[in-house]
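Given next, in structure tokens, is a single chain: the form predicted alone.
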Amino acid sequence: MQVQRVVLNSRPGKNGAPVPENFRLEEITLAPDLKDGEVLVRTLYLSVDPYMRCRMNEDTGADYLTPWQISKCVDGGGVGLIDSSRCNNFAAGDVVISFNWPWQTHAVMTGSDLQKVDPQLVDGHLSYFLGAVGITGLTALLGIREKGHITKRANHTMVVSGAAGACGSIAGQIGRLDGCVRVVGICGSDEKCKAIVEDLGFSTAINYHLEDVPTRLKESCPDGIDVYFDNVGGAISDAVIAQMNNGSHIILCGQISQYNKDVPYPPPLSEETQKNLQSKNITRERFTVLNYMSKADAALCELSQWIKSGRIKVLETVVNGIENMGDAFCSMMKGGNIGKQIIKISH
């Protein structure tokens, strides 16, 4: 069987943004014979996510992330169908997902690397397993529940940076459902601002490219900020933290503005921001969803119910074709997506 795959062609330069040329499309021949415990999968959808930028480095900076290797097939979140199986747990036609799905049109995988999923959980929208009813949704829900400390009827105000991204767009909706009276999103375009307010029910949106963030935060959050879902870091986060209330909470989910820089994770904060955290007793702890996987099944069930009932809406940016993986990844890193960036590989 002739199969197309994407390999890492080169690493970005020091402090450099990734470019499509860092990836290379190859054609290989896949042996049809399966060993015991193996399955042949057809890839339906692949995911690109900000954390993958760390995997492009020789050292990812995180012990739970392995670096991609030069001239080796790239991997990440994927969903597909089993074409044939020599594994007792799987049969042809099963829908399966993996966090380490190779960027290939077809692949031979071991059953232990796969998880069978029920298409009814997502009303047949199988790409949702890579986003809203997958690790992305879990990160939003468990991050808020474990680190946000939202209390109903406490008139909490929540701010979300990267609010039109895969995680931020879900997190803002969960904040509202969990009892925040005001949810403010920070985005990079008027189109994104419009989408999160009109489609997702955010109270207000701030375009950080066109508007003065501190001024707009004061207008949008007259009672200060109680919960901050931080996806971006940098100057935007400094502006939010400056207006947070005493005893408030930061959910440190991502720092995409810093991923192209050669700095440790989480990146160092300015002296002024550190003083704000200390003087106001603001909690800011790194959140890693993998530490809370014992709560995953119940959380995924809740996310599924919310989505099927229409209480959470899912936004996706879908690109067709494995040959466009590199372009889609680089576009996502520059904020070119609204909602989850998905690459459709086959039907």
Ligand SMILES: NC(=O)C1=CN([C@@H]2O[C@H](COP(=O)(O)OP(=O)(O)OC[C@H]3O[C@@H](n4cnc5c(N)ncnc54)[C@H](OP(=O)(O)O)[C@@H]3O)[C@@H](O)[C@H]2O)C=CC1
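Sequential numbering from 1, following the sequence displayed. The shown structure was predicted, so the numbers you read here are calculated from the model rather than taken from an experiment.
Although not depicted, the form predicted in complex with the named molecule is the subject of the following passage.
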(message) At 4.5 Å by heavy atoms, is each residue in Q4, G78 and I342 next to the named molecule in the model of the complex?
(response) no
(message) If contact means a heavy atom within 4.5 Å, which one of 88-96, 181-189, 212-220, 105-113 is the stretch that engages the named molecule in the model of the complex?
(response) 181-189
(message) I236 versus the named molecule, in the model of the complex: is there a non-hydrogen atom within 4.5 Å?
(response) yes
(message) Test of understanding: in the model of the complex, would A205 fall inside 4.5 Å of the named molecule by heavy atoms?
(response) no
(message) Can you tell me if V289 lies within 4.5 angstroms of the named molecule in the model of the complex, counting non-hydrogen atoms only?
(response) yes
(request) Using the partner position in the model of the complex, report whether M332 sits within 4.5 Å of the named molecule, counting heavy atoms only. (result) yes
(request) Scan V122, M244, V232, L200 and let me know which has any heavy atom within 4.5 Å of the named molecule in the model of the complex. (result) V232
(request) Name the single residue among A132, A171, M158, C253 that comes within 4.5 Å of the named molecule in the model of the complex, judging by heavy atoms. (result) C253
(message) Going through 151-167, which residues have a heavy atom within 4.5 Å of the named molecule in the model of the complex? Please give them in sequence order.
(response) G162, G165, A166, C167
